[in-house]
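Given next, in structure tokens, is a single chain: the form predicted on its own.
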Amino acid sequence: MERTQIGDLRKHIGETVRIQGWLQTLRDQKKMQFLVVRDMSGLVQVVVEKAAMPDEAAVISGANVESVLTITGKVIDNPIVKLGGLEMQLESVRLDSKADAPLPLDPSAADLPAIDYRQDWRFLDLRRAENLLMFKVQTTVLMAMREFWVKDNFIEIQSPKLLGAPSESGAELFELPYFDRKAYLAQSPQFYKQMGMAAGFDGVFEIGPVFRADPSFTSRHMTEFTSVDMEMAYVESHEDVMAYQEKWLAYIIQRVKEAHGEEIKARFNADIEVPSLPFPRITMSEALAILKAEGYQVPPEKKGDIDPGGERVIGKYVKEKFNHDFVFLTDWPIAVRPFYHMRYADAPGITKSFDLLGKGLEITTGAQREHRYEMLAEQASEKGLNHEPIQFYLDFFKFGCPPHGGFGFGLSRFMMILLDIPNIRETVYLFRGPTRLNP
């Protein structure tokens, strides 16, 4: 007999079926046993008459909560039962895996322990219905991203994560021995997605891990995370990239709303709102003026950048003024942008770049790139970079390269704002931070 998903039992009223899943609760009474069994698709109550089935009842009595069971039984319509208005009458049971007791973490408990403790027992924490839904949503998000790009003939790439030279500024690098030399874990696929432009691929994207040796212990930082990156050719400015991203993002959110909107509201009390287009755009000079008018002082060490507190103030301002959850902060000064961002010809101190904030949290950095070899080499020198380690990258632009731009997008931060989850550690399958390498 094939396995039936619990969520499909309504289709099998009056039939004998087989289900497999976790024993979530057991009420072991004198004459009757009432089990709640869980699989990925839902919950069902199973009823056992002890006198009629003493051997099976003994197996169930010996199974601790969170044990794995295979149950065969008849599906009965019973409107009194809260779990879907049906139940199963047991015919046979098999204990596939007995859970130890007591549980270090009960995934069905109303009160949860602290997040660090739950990270120690992440596999149990992931059994919670909220986490199951979150990763179903993330799967839909990733599928929608690919759908949108593939429709536009983008090519998916997988760039190396072991690099001979840093792909960004050189800060926050993980360095490791590589035979007789040093290697670095990739901070971004930036150089290699731009190689796709030089290769004649009009649009490329990558969804993969990146690494930052950042000692931050915040609710928004990780040392390893999934970056979503794209690059597109023949752009006129960073406005083309922003216009593309907002359409891409609205499509993704629409797909999530269609597939999971009601369940997200029930589980997370979050409303999925498809954002209107275009997103608001604010230049960095305007953003700094807004912060000043709001009485928010950016820390002096930022020098043209905005700190997380400032991002939250801008997010609140945009929500109040534009009734929008997203805003592009554009035209960043060259001091806080990497050498490969294109600069305005009539304002060489300003880059054609942007960040995207969602609900006051930075989720994207993007720009039009400098594709002219001489300008790129000059800008690298201005930043004090030695050309030798990055000459392979500079060579991409020696033999013809179209104007292009792109962005890097933080998947886990996006999940935070989509589901109103306050800590990034909750949105990643396994968290990596300065003090966590296990499980």
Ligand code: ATP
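Since this is a predicted model, take the numbers as computed values, not measurements. The numbering used is simple: start at 1 and walk along the sequence shown.
One more form of this protein should be noted, the form predicted together with adenosine-5'-triphosphate (ATP), which is absent from this view; the next part is about it.
Enquirer: Out of 194, 365, 138, 159, which one falls within 4.5 Å of adenosine-5'-triphosphate (ATP) in the predicted complex, going by heavy atoms?
Expert: By the 4.5 Å heavy-atom cutoff, the listed residue in contact is 365.
Enquirer: To verify the annotation, which of these, 255, 118, 212, 267, has a non-hydrogen atom within 4.5 Å of adenosine-5'-triphosphate (ATP) in the predicted complex?
Expert: If I apply the 4.5 Å criterion carefully, the residue I get is 212.
Enquirer: Could you tell me if residue 222 has a non-hydrogen atom within 4.5 Å of adenosine-5'-triphosphate (ATP) in the predicted complex?
Expert: Yes.
Enquirer: Can you work out whether residue 406 and adenosine-5'-triphosphate (ATP) are in contact in the predicted complex, taking contact to mean some heavy atom pair no more than 4.5 Å apart?
Expert: The answer is no: residue 406 has no heavy atom within 4.5 Å of adenosine-5'-triphosphate (ATP).
Enquirer: Residue 19: heavy atom within 4.5 Å of adenosine-5'-triphosphate (ATP) in the predicted complex?
Expert: No, residue 19 is distant from the partner.
Enquirer: With the cut-off set at 4.5 Å between non-hydrogen atoms, does residue 424 touch adenosine-5'-triphosphate (ATP) in the predicted complex?
Expert: Contact check for residue 424: yes, within 4.5 Å of adenosine-5'-triphosphate (ATP) in the predicted complex.
Enquirer: Counting any heavy atom within 4.5 Å as contact, can you tell me which stretch out of 367 to 375, 49 to 57, 407 to 415, 31 to 39 lines adenosine-5'-triphosphate (ATP) in the predicted complex?
Expert: Result of the contact check: 407 to 415.
Enquirer: Output the sequence-ordered list of residues from 92 to 129 with at least one heavy atom within 4.5 Å of adenosine-5'-triphosphate (ATP) in the predicted complex.
Expert: Not one residue comes within 4.5 Å of the partner.
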